[in-house]
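Shown here is one chain on its own, the form predicted alone, set out as structure tokens.
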């Protein structure tokens, strides 16, 4: 199956958080130059084209540069006016079958359907459309799944156009419709912040430790601590505030009722992973992580969520990543679906050197965050 562009480079549809579309547009223009054409199709959806730039190149730049405010990509192959399909799914179903036939897909593939935020004029739900398309494809001998396949057939409905496309899963950034990672709340869940850590593990290819020690900075009430324990790690949970009572009897959880600053200044322990989801501005949060790097084993992982101000979030993130480079190699950085006004960074302790001594105050008043 050949996904290389023809004489006209296909448009690439990207998804982003509603409030950060302009940030995603700024990043794409910085990466691909003034020739890039970007059109907003919905509150969280845009179209990107640049001469000779295919989806694989955009996906690579999103991972390496990184472009942090783009959450998902699809390769556009057909459009239908939303007005013609708002009440009748038949044209979308027929176009999906046509594209699969034209591309000669024989192996099982994923079908992913979603509505861009703000698409309110449809007389059916996205899952109804998924079932109709899946039934038609199955009737013609195709094997369709919701995910977990090397190829994705995508259907995105926006306020003005319904867009269909086919691309390999590796180029989509995530194996979820529009990057909307669906996670169900469990009875054991302590806080919704757990979704951020769980999504990270589903979206990023990270060698997550299944044993060893973890440091959770600003742990209260203990959502991330619970996820780390569920992964098999023994957790030192640092926060002046109390943890959820369900963690009190777990011998693998050690609650240290103090601030991150005081703990890092006095401990001699070294950890396999350190996480930080504290409600703190990006600059002081990065200073905390630079101190924490001294307590990571060589090659140890670090996860931090950067809480953003509304003004110029791209500059905030780039400044934070540059700061973290003093002690870490950045592995991934992206605004995940379960992030709100923040970006999740996954980093690895770089080499064996100690990070530079911070000259800035942490500005830390409270570690309580979750």
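Keep in mind that this is a model prediction, so the values were computed, not measured. Numbering follows the first chain given and starts at 1.
Below, we turn to the form predicted in complex with a small molecule, even though it does not appear here.
Exactly one of the stretches 203-211, 180-188, 152-160, 274-282 approaches the small molecule in the predicted bound form with heavy atoms within 4.5 Å, and it is 274-282. By the criterion of a heavy atom within 4.5 Å, residue 238 is counted among the residues contacting the small molecule in the predicted bound form. By the criterion of a heavy atom within 4.5 Å, residue 260 is counted among the residues contacting the small molecule in the predicted bound form. Using a 4.5 angstroms limit between non-hydrogen atoms, residue 300 is distant from the small molecule in the predicted bound form.
Within 4.5 Å of any heavy atom of the small molecule in the predicted bound form lies no heavy atom of residue 112.
220 is the sole member of 71, 220, 116, 167 with a non-hydrogen atom within 4.5 Å of the small molecule in the predicted bound form. A single residue from the set 85, 233, 193, 290 has any heavy atom within 4.5 angstroms of the small molecule in the predicted bound form; that residue is 193.
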